[in-house]
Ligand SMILES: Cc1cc2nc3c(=O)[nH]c(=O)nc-3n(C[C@H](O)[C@H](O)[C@H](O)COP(=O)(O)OP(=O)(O)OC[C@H]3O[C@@H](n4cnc5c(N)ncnc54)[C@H](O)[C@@H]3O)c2cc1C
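Shown here is one chain on its own, the form predicted on its own, set out as structure tokens.
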């Protein structure tokens, strides 16, 4: 286990905000994980699990505890038939690298999740999703260290209670209880997704006359779309998509359509109101905001930190966006990135 003291959270997260963390541990094995939690337990301090910091906001007060960075590596095909395949990756692997591993082998189920920043271990926590896919559709199980029982466990899909950007790992009484060491997905073998696709993806495929919907082709299309819209965190500080999309009932979707709002119907029959569309339609795309932020002129869901150093600056920018959208459309936006704060439960 590699242990550091008094590390700025702004250096660990892509939004580049946050005070100091008392300790930061990098773990690359199960033994390291157990050692890290024992260290926190002996010191009576809280623990926070962090991947690559792409979906996390640090706060000015920092974190008087231990942040654990998952650096466990390895990917493998566990089982394969003519219909499907089980693919396993360690929690510290780069998510997009794992998607590439799957798509290059022709496995379908995560191709639309290409180019999402972060680690494999973080993907089930937030139930990541994009372009009509989310990880809840393919995750078979996760292997995790249960910090309450001090033992390794395997949790199946149903046990994770996966909803939109919500699971047992980040919501409810068990939030923070499990340290995910590995994730296994069940993907389709030699199958292709069929149109219609999510609006922006379908538009890209049509414009580039792509009719072969192989996992690798769809991955390349999604990656190109995201590259054109999303800033490189190394050059422009952001936390990815900053607001959650809004899910509507059948009645709400019908009313919203009658009012001219843009609704996406998912294959499962649910209806989604795109938060980025609301922000753009409210006239905020590209706008400079209080506190040293601006909304990307390429993608309205991206809030970029130009010069802010304080969480209070972020609060000002966020409040203006939420207020403007609510005043115009009557929908209240909810922040997607989680905030790095101490939980009541201690290690």
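Nothing here was measured: the structure is a model prediction, and the numbers come from that model. Numbering follows the first chain given and starts at 1.
The following text describes the form predicted together with the ligand, which does not appear among the structures shown.
- Here the chain stands by itself, but in the model of the complex one stretch of 231-239, 203-211, 100-108, 79-87, 231-239, has heavy atoms within 4.5 Å of the ligand.
- Heavy atoms of residue 51 reach within 4.5 Å of the ligand in the model of the complex, making it an interface residue.
- Not displayed here, the ligand is kept clear of residue 186 by more than 4.5 Å at the level of heavy atoms in the model of the complex.
- Contact annotation for residue 10: none of its heavy atoms lies within 4.5 Å of the ligand in the model of the complex.
- Of the heavy atoms in residue 56, some are within 4.5 Å of the ligand in the model of the complex.
- Remark: all three candidate residues (118, 123 and 126) come within 4.5 Å of the ligand in the model of the complex, counting heavy atoms only.
- Taking 155, 253, 168, 130 one by one, only a single residue has any non-hydrogen atom within 4.5 Å of the ligand in the model of the complex, and it is 130.
- The partner is absent here, but in the model of the complex a heavy atom of 226, alone among 226, 266, 161, 73, sits within 4.5 Å of the ligand.
- Of the residues in 158-187, those that come within 4.5 Å of the ligand in the model of the complex through at least one heavy atom are, in sequence order, 165, 178, 179, 180.
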